[in-house]
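First, one chain by itself in structure tokens, the form predicted alone.
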């Protein structure tokens, strides 16, 4: 049985492997997806336990070793339009474009604003643009691994992009290594529960008295260095706030409503993927072209296959090779002390009862709230922003 695992990541490899479909999914007390077992249908074959990536990487007995990448690159797309529509430098777009050009298929996270739901989708269903940019929320896998396997078995080229734990789940689910599969993940900062986000978006709809038509988790209105949450409505109104001014983003960055397993993540350093992508926030410490701060990707090739994919993508990208040891600064095993876990549980319970806006008010002093309100006002007025650069910041993420 796979129920009751405290450190379950919700990768749903067990759901996909079950031969009698005895495993379903439900939400735990904090809104995160967890597997459930229909005991009447279960045959006790043990496949669910065997496929679980946590079983193969027992957190109590042996910690994974950090693996250095083979190659590291700073990259941004030659098309300014692609960079503008991407969270960082457009590396994922270039990799996907090459796969699609050869008749392949790309799997990634899609946020459906109508259902207020994030799930694994593919380019047979949706255009590639729908899978771009970061979504700071848990995505549902469903039976996506089974669909990926069926595409691979036909000989079709597949690119999968997901969180490190989802990549581990996929690789554990597949019966063998596929030459026509390229697994990509990213330096994930954790995921929040979908119910938190959907409740917050519903509150925005009530506030603006209109239905949402689009959501951007990483809009670049204030530049690449500023996390910016943007929502558009049917009545043409627009909501746009920086991370510290928006309640949902503030609580997310503070780790107030993130999955517990994320804070003891075993897959942050031991990636099962061919490629690891991230924002190259530390570009100032390297001798590279900074792209006028429009966005730069840090691409780490973990396998020969990943290295080859990056070499092919370089035709579309401005690329500079980096020192591997220095560039792998964010591949570290995370830990979560008991005190931090209790704090997370408290915050999640508070969010479930009162919402993210109330939690932000609870965590910030009146003076801090006033500061962020003034800062947001200055940033929304270019003339004021030009006169008060110290408030706006230098393009880096301000906390």
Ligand SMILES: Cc1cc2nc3c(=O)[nH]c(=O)nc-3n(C[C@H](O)[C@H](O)[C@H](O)COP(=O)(O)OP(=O)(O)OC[C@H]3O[C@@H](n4cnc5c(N)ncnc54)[C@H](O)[C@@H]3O)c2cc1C
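The structure displayed is predicted, hence computed values, not measured ones. Numbering follows the first chain given and starts at 1.
This next part talks about the form predicted in complex with this ligand, which is not shown.
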Item checked: Among the candidates 213, 303, 98, 133, the residue which, in the model of the complex, approaches this ligand to within 4.5 Å (heavy atoms) -> 133
Next item on the list: Could you work out which of 228, 152, 288, 188 is the residue within 4.5 angstroms of this ligand in the model of the complex, going by heavy atoms?
Entry: 188
Item checked: Interface stretch in the model of the complex with this ligand - options 170-178, 319-327, 201-209, 272-280, non-hydrogen atom within 4.5 Å -> 272-280
Check: Can any non-hydrogen atom of residue 72 be found within 4.5 angstroms of this ligand in the model of the complex?
Finding: no
Notebook entry, point to check: Might residue 162 be said to contact this ligand in the model of the complex, defining contact as any heavy atom within 4.5 Å?
Noted result: yes
Check: Can residue 248 be called a contact residue for this ligand in the model of the complex at 4.5 Å between heavy atoms?
Finding: no
Note to self: I'd like to know whether residue 145 contacts this ligand in the model of the complex, with contact meaning heavy atoms within 4.5 angstroms.
What the structure shows: no
Check: Relative to this ligand in the model of the complex, which residues of 7-26 have a heavy atom no more than 4.5 Å away?
Finding: none
